[in-house]
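The chain below stands alone, shown as structure tokens; this is the form predicted on its own.
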């Protein structure tokens, strides 16, 4: 999925803004070296650097990397499933990115290699049940319009026990791993949210550009009785998985 940094800043600013719990869990300190995995446009990366840490951001989207660099972030283009770092970092941090990377095994293995002995892996991403109503509605609308929708999604939304197993299988000692229900107000409205976060999925199904707006409107109409209040304020059914682990000494 390709990202538009301007649209992301306009309609998804809540993502880094609500990453404070994971940021505090990281507890970055001056002098340590931190990798921000899936840094996006670098908002949280900049906050980590402000604590005095030396931060490297990595993201798979060229436009987001460019936006991070414009903020003064040391950001690089790279695939979180194919990390090449070896024993370089005191900590790896990730917010709202790991669910986009699919199978956790190569990601966890790359993070483990990237860390120094004793280094920590801390973050937050979509957990089991994340945006479940939205995902079901998008799929239902596409199916009703005659599109073939894959039986499985590429996004990875595990339970806490599932992700704990993945971390432990990769060699980590898990210090905490838990699900956090987080209903999230969507100030820009559901149409803008769908365009930003599900536009790539809709395009991948083969929906022509001329039909996309109607697919989004049909999805919005299906979700309104569930996720919008009487005044038209939208709240997305976010569920997060927050975790902290470390590499043995």
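Please read all numbers here as calculations on a predicted model, not as lab measurements. Numbering follows the first chain given and starts at 1.
One more form of this protein exists, namely the form predicted in complex with a small molecule; it is left out here, but the text below deals with it.
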Evaluate residue 159 for contact with the small molecule in the predicted complex, applying a 4.5 angstroms cut-off between non-hydrogen atoms, and reply yes or no. no
So in the predicted complex, is the small molecule close enough to residue 99 to count as touching (4.5 Å, heavy atoms)? yes
Using the partner position in the predicted complex, report whether residue 201 sits within 4.5 Å of the small molecule, counting heavy atoms only. no
The small molecule contact in the predicted complex: residue 83, any heavy atom under 4.5 Å: no
Counting only non-hydrogen atoms, which stretch in 126-134, 72-80, 160-168, 113-121 is within 4.5 Å of the small molecule in the predicted complex? 126-134
